[in-house]
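Next comes just one chain, in structure tokens: the form predicted alone.
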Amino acid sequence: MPVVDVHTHMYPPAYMKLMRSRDKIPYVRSFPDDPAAGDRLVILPAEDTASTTRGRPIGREYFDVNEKIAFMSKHGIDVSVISLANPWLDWLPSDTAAETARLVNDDVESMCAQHEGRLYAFGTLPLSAPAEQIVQEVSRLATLDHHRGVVMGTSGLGSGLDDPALDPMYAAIDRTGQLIFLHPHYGLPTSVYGERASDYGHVLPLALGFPLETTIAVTRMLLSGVWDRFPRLQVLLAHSGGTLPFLAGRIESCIAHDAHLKKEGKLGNRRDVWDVLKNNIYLDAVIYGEAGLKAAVDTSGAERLMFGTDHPFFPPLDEGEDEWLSVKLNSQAVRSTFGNNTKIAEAIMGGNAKQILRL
């Protein structure tokens, strides 16, 4: 059974060219007076003003497809389903978003074609464009040989994924049988981490902010009835669904006991959290340990889990080290969780993705 990585990012050349041409967030920043600093990726306001981190280092593994293939070969990954990393195209002006999305998606499609059988992709949508242009790109992506769905963040058109204005997009994705890969970007307000949060690098926003952002976004989708209106809509959640597997029971209980929802008549004829999790939600296995993986299995079922690496983020920190600990931890968690049940382990490592994404 092949090993398939469904959570792996790239900034293709067309996107990098655009980022290098900018001088405000998001952009790629260089430091002529400090060549050792290298290029830095700046995608959040806090990164733009930080005096120490000055964004995050960005090497060729972020945008060179040959580096992606080399990483795959080094770590025994047969197939990767690549996606543009955050912040995608959410920040573009409305009048240029659709054209840029086509350019970026075609760039990624070309990469996949050059490495036939090894690369597939989730496309990127022009979410700042008019609704009809978003729908057009959804439909076009369905005709491309190597695309299998779309990647998107939690802001939607700017008002969250529970915004009714997104219904035409959801309908088009549902109609074309594509998958949404939902990935966080904005995290939580920095104030929630306390006054000394910067003493701890990126740990608090990445370990806590990202998972909670995902959980909040999906809960709002549930509360607004997205899956009641589109019962076949399939969504893959990054980082094993954030905290959703652990909090699903509490979310369902709070919904069932909410007097406001009862008064509004929203408690009848609704699909509960567990129904959606087992029929509409896929989870990646980017959770780095047995406890989280077991919760993901209990929540959505082993047949709905798919291996991922989050490459090229979380690189080795020691000079000369070429094995990525993030890959090792995720693959070890799968194998140790299921022990001698190689059938389930192989399904999560690649078999499920092969079937679900028609690879």
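All figures in this text were calculated on a predicted structure; none of them were measured in a lab. So that there is no doubt, residue numbering starts at 1 and follows the sequence shown.
Separately, the form predicted in complex with uracil (URA) exists; it is not shown, and the next lines address it.
Among residues of the shown chain, Val297 is not one whose heavy atoms approach uracil (URA) to within 4.5 Å in the model of the complex.
Using a 4.5 Å cutoff between non-hydrogen atoms, Phe314 counts as a contact of uracil (URA) in the model of the complex. When contacts are judged by a 4.5 Å heavy atom cut-off, Val65 does not count as touching uracil (URA) in the model of the complex. For Arg56, a non-hydrogen atom is located within 4.5 Å of uracil (URA) in the model of the complex, even though that partner is not displayed. Checking Phe246, Phe210, Tyr170, Trp227 for any heavy atom within 4.5 Å of uracil (URA) in the model of the complex turns up a single hit: Phe210.
Leu206 is the sole member of Ala256, Leu223, Leu157, Leu206 with a non-hydrogen atom lying within 4.5 angstroms of uracil (URA) in the model of the complex. Only one segment in the set 316-324, 41-49, 299-307, 25-33 has residues whose heavy atoms sit within 4.5 Å of uracil (URA) in the model of the complex; it is 41-49. Residues of 149-171 include none with a non-hydrogen atom no more than 4.5 angstroms from uracil (URA) in the model of the complex.
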